[in-house]
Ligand SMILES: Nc1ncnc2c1ncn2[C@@H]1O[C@H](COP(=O)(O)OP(=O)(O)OP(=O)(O)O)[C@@H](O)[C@H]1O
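This document starts with one chain, in the form predicted alone, laid out as structure tokens.
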């Protein structure tokens, strides 16, 4: 079942549309077994809007993001189906050369691990200006000035000297800010941010989120924000998609998902948030762990951890139902 933009409530001036994405990985070690990491994911994202993709580690959020821009190595990844339409163009039908013109100019991506994303033997300034010079046709001096300015905007002082640093000369938080600045330098139409503020303190985190919000407000860009921090979701999201075991289990407007969740997994995530009023109370937790790729249970993947599971949950995988305020992949919402 492929949920269209109209069905899932994301209709509008659509910039990005992912349709029925399916990704697996080979187990390795001589085995031909393939585990499914992304299983029929569909969503749309409109210009000027932020969609937050939320879930625990191992739910398929990062794989979904990499699949959008065809950044997964094949093999070990296997793309079983689906399509990605960006600004009216089918990215899956493009050649590698055509796709390179899209990456870095019309799309920007903030990767989760800045140390493996930055080239360790190239100075930071060279890496930051590469996309500007390649895609925007400006001089080396103009690109360098823009890079220095961006470093200051993401909270790195002495940008003029820092552009000459190598990545290992910076802290983890500074490298993360370099990646964030680099991805935003070309004012991309679509920014994909995978846990962009994980290594940052609260003050810098606020600064980065405001910078992203300015990009959206001033240029009409769209933001796909991957996070497990529900505080960030409350600040940034227009739409929310909750992922579990490779599938979107609930989606809708941020207000609807946060205030009127219909899926037990979403409810569990919301209940696990720390609250100031309950500082001395033990946080609620969702029992168990996310199933691995090769050990997904029958029926609803969440049923072994779900306090509301019944026999049908163990036997049949639920489709996406229109619940009271959201779309929920749960038999309780039928």
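Numbering follows the first chain given and starts at 1. Just so it is clear, the model here is predicted, and its values are computed rather than measured.
Not on display, but discussed next: the form predicted together with the named molecule.
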{"item": "Partner-proximal stretch of 52-60, 303-311, 39-47, 265-273 relative to the named molecule in the model of the complex, 4.5 angstroms, heavy atom", "value": "52-60"}
{"item": "Contact assignment for the named molecule in the model of the complex, among 186, 112, 205, 221, heavy atom within 4.5 Å", "value": "112"}
{"item": "Among the candidates 78, 123, 228, 100, the residue which, in the model of the complex, approaches the named molecule to within 4.5 Å (heavy atoms)", "value": "228"}
{"item": "Close approach of residue 293 to the named molecule in the model of the complex, 4.5 Å, heavy atom", "value": "yes"}
